[in-house]
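A single chain comes next, written as structure tokens; it is the form predicted alone.
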Amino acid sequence: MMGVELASNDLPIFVVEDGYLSDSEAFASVIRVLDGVRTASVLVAQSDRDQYDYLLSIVDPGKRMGPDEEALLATALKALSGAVSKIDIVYHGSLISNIFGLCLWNYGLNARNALLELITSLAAVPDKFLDGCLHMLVNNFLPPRRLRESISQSRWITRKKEVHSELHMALHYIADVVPLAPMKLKSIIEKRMPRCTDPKDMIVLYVECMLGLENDEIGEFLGSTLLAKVVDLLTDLDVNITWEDILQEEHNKGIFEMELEEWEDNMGHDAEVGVKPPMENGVLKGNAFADKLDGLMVIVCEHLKSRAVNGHLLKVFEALSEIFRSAMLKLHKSKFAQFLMFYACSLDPDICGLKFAVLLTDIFVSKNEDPDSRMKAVAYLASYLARAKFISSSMVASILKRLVDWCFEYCQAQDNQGKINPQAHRVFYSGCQAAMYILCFRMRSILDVPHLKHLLFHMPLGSILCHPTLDPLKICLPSIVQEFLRQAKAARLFKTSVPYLYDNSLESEFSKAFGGIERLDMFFPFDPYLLKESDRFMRPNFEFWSMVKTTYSNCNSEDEYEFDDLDAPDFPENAGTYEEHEDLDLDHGDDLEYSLNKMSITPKSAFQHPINTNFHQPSRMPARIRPSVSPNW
């Protein structure tokens, strides 16, 4: 293979008679140069020093290169690859520093291949250059800042894919030949992981390259480390987006824009329903964390999708489940990061979707878990089963039965004496509220399947909800209770008169008490997703309230009594009536609590189903999960 044509004024290091330098001649020249300075500096001849300096000028990371200079660099790098045994840390420190300072993104294919060949050769030298090689490769996860500004251009997108693929191949080779490499690489990746305060392009590019390692065999060595670090970054971004940041924004601005209850008042009564006003700047004003989180969610969802296509989703899902169990579940009201689990489940509903539901149920029913973890788990379970369109009615009914059975067994173990104590029975009340919430979304779809209808009608819901001491109908969020009872009444779920709460309060002192300081009674983690760019992964799989077919949708039709042929379980003899419940100590909640939890909306009369007007007062779902209109992004 012919080398590069040299200029006549080049130093003797690479000069040959015909003006061309072959690879073998380049190798011999590099050996002479390296040997010439392999001694104390005072003993190095000036000619040898000049030739070494010329080699340094060829391998100069700060020099802008034209085609000829880059071709000469590739030749020198190839020659150095064959001479790695001659490279000494003490005598050739400047050369090693220059090599590790080279940036792959600055060169064409030939120079990049030559550089990576040299790096992998150096990494294989025992006990010398491994750390430096790994640091150099990880440094190249990111392009130079000047290129990051143009990375969205088509030619740089191509370059990005090429460089990332080449980096993965080099790291894979090093991991194969140096058993210690994966452990060291894991530590380096963790140390170089971007922080939530870093620019969005830096975060997205680094994570994109890092996750690509999971597609290679090296991912076997790294285990779930890569995914765990990404989730850590996601949650860091998530917690930096406070509810105050979201709710203090004007409703017609930012990526968190949604059909909040006040829109009609702000925009006038003639505003077209479902049409959002134009956004300003595309992100939440004054908070760039949302934009970073959105971009990062896109990258991780694309990764999950590719793993599913390649048949490796289940392995990734198992790792993600462990991360969720140990990290996400402990967060206080995470807003968006948990949707990774939602999306992963949507890619394989029958296996991953079921596993997630069972995991949450197991946590809830386990006596070995702390109460807060159990309450958070059942809040996740309720929100997941309500919102996930990909979960079958059969699966929902099966999980619901297990939930209801636990609540019934809990009731059986209680005395029928004493006063209501929401805090003492907070896990029970969270389970009851979860069951009612699921049925607000899923009752009709369950009733539409004959054997599931039979299963639902024989669940001991009446005994649970009208327990004389526990009385969940007084404790749970009135908005959920009211919507559930409205649907239960329309479905003739109970033969006896159903207590119907006409108070329209969002919360009560009782629900505050069992929800605790974190207000877990108002935690609905899979409320409508509000990040614009990554919304496309969630939307096809998400059930908005406006899509739900309730049991009272046909109340004015000839099918009004379509459920009458069912044998419905009675409430117990001492079941409360409305009159017994009308003394509920309901609290409308202070302004702060109301604001923090109105992420989903209750439509005004123009938004609501016409059938609502047939009831004394329209029911309203709780603040963050009240009926919402699907955003038109």
Partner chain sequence: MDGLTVAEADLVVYVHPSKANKARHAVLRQLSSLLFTYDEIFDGVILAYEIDIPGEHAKILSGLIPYFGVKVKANLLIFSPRPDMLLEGKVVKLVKESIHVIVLGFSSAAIMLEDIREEFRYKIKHGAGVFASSSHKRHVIKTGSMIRFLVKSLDEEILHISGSLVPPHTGCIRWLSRHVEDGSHPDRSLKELKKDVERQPQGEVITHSAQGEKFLNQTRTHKSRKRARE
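Positions refer to the first chain, counted from 1. What you are looking at is a predicted structure, and each value in this text was computed from that prediction instead of being measured.
The next section is about a form of this same protein that is not shown, the form predicted together with its partner chain.
Interface residue remark: Gly132 is not counted as part of the site for its partner chain in the predicted complex, having no heavy atom within 4.5 Å. At a distance threshold of 4.5 angstroms between non-hydrogen atoms, Asp198 is out of contact with its partner chain in the predicted complex.
Taking the partner from the other structure, its partner chain in the predicted complex has no heavy atom within 4.5 Å of any heavy atom of Pro540. Its partner chain is not shown here, and in the predicted complex it never comes within 4.5 Å of any heavy atom of Thr158. In the predicted complex, every residue of the candidate spot (Ser85, Val177 and Met183) has a heavy atom lying within 4.5 Å of its partner chain. Ala124 is the sole member of Ala124, Leu147, Met202, Ala308 with a non-hydrogen atom lying within 4.5 angstroms of its partner chain in the predicted complex. The candidate stretches are 352-360, 138-146, 104-112, 77-85, and the one lying within 4.5 Å of its partner chain in the predicted complex by heavy atoms is 77-85.
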